[in-house]
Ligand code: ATP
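Quick heads-up: it's one chain on its own, the form predicted alone, in structure tokens.
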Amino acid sequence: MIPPELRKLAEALAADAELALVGGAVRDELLGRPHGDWDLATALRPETVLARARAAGFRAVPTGLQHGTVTVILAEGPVEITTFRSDGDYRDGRRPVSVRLGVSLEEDLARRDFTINAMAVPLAGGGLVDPHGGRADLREGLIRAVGDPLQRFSEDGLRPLRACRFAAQLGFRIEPATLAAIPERLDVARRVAPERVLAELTKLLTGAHPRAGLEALRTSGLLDLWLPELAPMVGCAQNRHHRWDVWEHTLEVAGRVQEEPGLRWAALLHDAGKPGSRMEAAGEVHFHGHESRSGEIAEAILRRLRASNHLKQEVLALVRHHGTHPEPAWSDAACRRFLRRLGEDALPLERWAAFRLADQRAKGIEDPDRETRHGAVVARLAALAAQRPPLSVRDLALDGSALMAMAGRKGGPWLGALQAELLEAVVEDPGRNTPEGLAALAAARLARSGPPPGPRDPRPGR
């Protein structure tokens, strides 16, 4: 299944040296999973790899010569080619202080994290090289550390999180001894950079089995380490509208939305504020204002993990609006106001609708009319949106310059207040959004607020 361009590169490199496909590519090929990563290991020194790749016309970059790694840029994406090596001591919980090149393929595989990633296929033939039982663990659906898990996790603090991520992506169980070693090495995991944690958590959340990964985070102590704000969700009982506690409901939502970062992060964080807003009155449980509290928690977590502004914007918008449930009794104007709020947060109606449906389904309560009601709500909102009503100041038939000319004054806070009032009027009745209609509304508003102030006299005492 190796792409032709990669095969051509392999031929240019390995005329006289051992070259093997290693790591995730081997694992995914054996599982029949699609993938885009092709990593190679070789007996060649990195300088030789660099020279041969370039001589064959490939773009080769010395991304980590001190660790024996060269990256070659192919049409399918970058390919890392690493010289067979063994690692020295790890002192920063992430990278070895030194490496020893020139070892055997079997020694190279012994330094890797999990057995399912410690297999190789020599490109010259000879079959699968699997010294640690990775293929058997694939059949059993197990994530098992290579050798001593305490040693593996003391070397690289990201490995425990990778174990949880593979559980989410593959639907595998973490082997008991490997799972038990994670709490013993949380001090090493704590040293991992926030950006790396975010990347792994995002891969975990967007896996096909997010429940497996999230539960592994919880039981291993990694949830308390990196997302301590979520711990109170576990066991937080809800009201009669929910079958499960807040954590179980969250797992259900995560498994029901599309495998996209914004939707999955929103699923994880949308009810994080419920434990802090839980109240009981007259035998009923309420979570008044939990959307706002959830938004605060979500923003703090994403800021701490140094998420992109794009991801933060989408997640916070979904969290903010997930508790809004338009009813048939809503007027068209109320629906348009809701569409305006979605627009202000750059949240497409379709994304809100998909998230809302997943959230409703994840309550675990039988409701045969749920899909019909949801479909009717979304259809009504979509029909109103298709009429392209004025939903922002930019849609007003009179712009700021025209309003300033009418008032005979320069811009300022008064202009924003006037535009907000005009927008509210045309959201209520889009037919008023004409130059004449807005001019009449603006004149009435300006008359109520008094004449605009004249220029200030600069002379003292005046």
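No experiment lies behind these values; they were computed from the predicted model shown. Position 1 is the first residue in the sequence shown; the rest follow in order.
Keep in mind the form predicted in complex with this ligand is missing from the figure; the text below concerns it.
- Of the heavy atoms in R162, some are within 4.5 Å of this ligand in the predicted complex.
- The shortest heavy atom separation between R27 and this ligand in the predicted complex is within 4.5 Å.
- Although the partner is absent from this view, Q238 stays clear of this ligand in the predicted complex, with no non-hydrogen atom inside 4.5 angstroms.
- Contact between R112 and this ligand in the predicted complex is found at the 4.5 Å heavy atom cutoff.
- Partner proximity in the predicted complex, defined as non-hydrogen atoms within 4.5 angstroms of this ligand, places exactly one of 171-179, 318-326, 113-121, 365-373 at the interface: 113-121.
- When contacts are defined as a non-hydrogen atom within 4.5 Å, all of G23, D37 and D156 contact this ligand in the predicted complex.
- Proximity to this ligand in the predicted complex, defined as a heavy atom within 4.5 Å, singles out one entry of F166, W265, F84, F355, which is F166.
- For the options R336, R218, K203, R351, the residue carrying a heavy atom within 4.5 angstroms of this ligand in the predicted complex is K203.
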